[in-house]
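A single chain comes next, written as structure tokens; it is the form predicted alone.
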């Protein structure tokens, strides 16, 4: 048998060390979704998952030619579950922010929409820290909206919730004065429902890039750079072939991809 020279052995060792850990062949991708954030994710009457995020996840798997498994996960534990390898990626309207990028990696954005306040119809309030300091604002815990309120509205009392649906319930029952959340999610999940009758958006858009980032992206473990690139190529593919636009048209009457 032929023996490798010292130089060849060194080269081989370097090649093995530098080979990306994610060089595995992806035939199946498990995707964490929330299932409680309409119109992006929700439960159908039969218990199956639906929504924009879910449809996009399935379309991306098809574009990558991999089997897709959806794993439902509460928002509070969605990043820890990714790190614990409960699934391989998160598609759950997660904003790409510097803070989150310390622990996970993100693809390019797949949509971008502004945040807004919702109040009871007829309420006149200035959208400033001083103007809203006497209000109780409901926010989903662990979101960029909570970060935004803490940094931009430090004197406003926050009430934190595990799910967006819980925020809507307290708003409808009068236990809070306002909601801060994604404008599209609130329009479909609250304003247009019977529960949201008599509630309106305040006029301002809230979209500070330092807090909200550049849009919603797909989160992956930092060790899975190859999977990130597969998703990026798949996003480009479904936008180029019209699949993205067909899915978006089911849920929105505007360009949800954003600037």
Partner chain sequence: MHWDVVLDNWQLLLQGLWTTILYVSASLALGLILAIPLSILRSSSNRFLSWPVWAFTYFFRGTPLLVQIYLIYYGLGQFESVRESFLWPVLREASWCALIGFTLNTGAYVTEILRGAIQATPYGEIEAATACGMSRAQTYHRIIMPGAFRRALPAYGNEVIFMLHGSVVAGVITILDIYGAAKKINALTYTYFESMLAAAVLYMLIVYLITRVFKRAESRWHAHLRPRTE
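Residue numbers count along the first chain shown, from 1. Remember, predicted model here, so these are calculated numbers, not experimental data.
The same protein has a further form, the form predicted in complex with its partner chain, not shown here; the description that follows concerns it.
Taking its partner chain as it sits in the model of the complex, is residue 77 in contact with it (heavy atom to heavy atom, 4.5 Å or less)?
Yes, contact at 4.5 Å.
Look up in the model of the complex whether residue 152 has a non-hydrogen atom within 4.5 angstroms of its partner chain, and give yes or no.
The answer is no: residue 152 has no heavy atom within 4.5 Å of its partner chain.
Indicate whether residue 122 is a 4.5 Å heavy atom neighbour of its partner chain in the model of the complex.
No - in the model of the complex, heavy atoms of residue 122 and its partner chain never come within 4.5 Å of each other.
Does residue 105 make contact with its partner chain in the model of the complex, using a 4.5 Å heavy atom cut-off?
Outside the cut-off, so no.
Select from the listed residues 166, 187, 72, 127 the one whose heavy atoms reach within 4.5 Å of its partner chain in the model of the complex.
If I apply the 4.5 Å criterion carefully, the residue I get is 166.
Pick from 109-117, 127-135, 153-161, 179-187: which stretch has a heavy atom within 4.5 Å of its partner chain in the model of the complex?
Only one stretch passes the 4.5 Å heavy-atom test: 153-161.
Taking only heavy atoms into account, state which residues of 83-112 are within 4.5 Å of its partner chain in the model of the complex, ordered by sequence.
Residues within 4.5 Å: 99, 100, 103.
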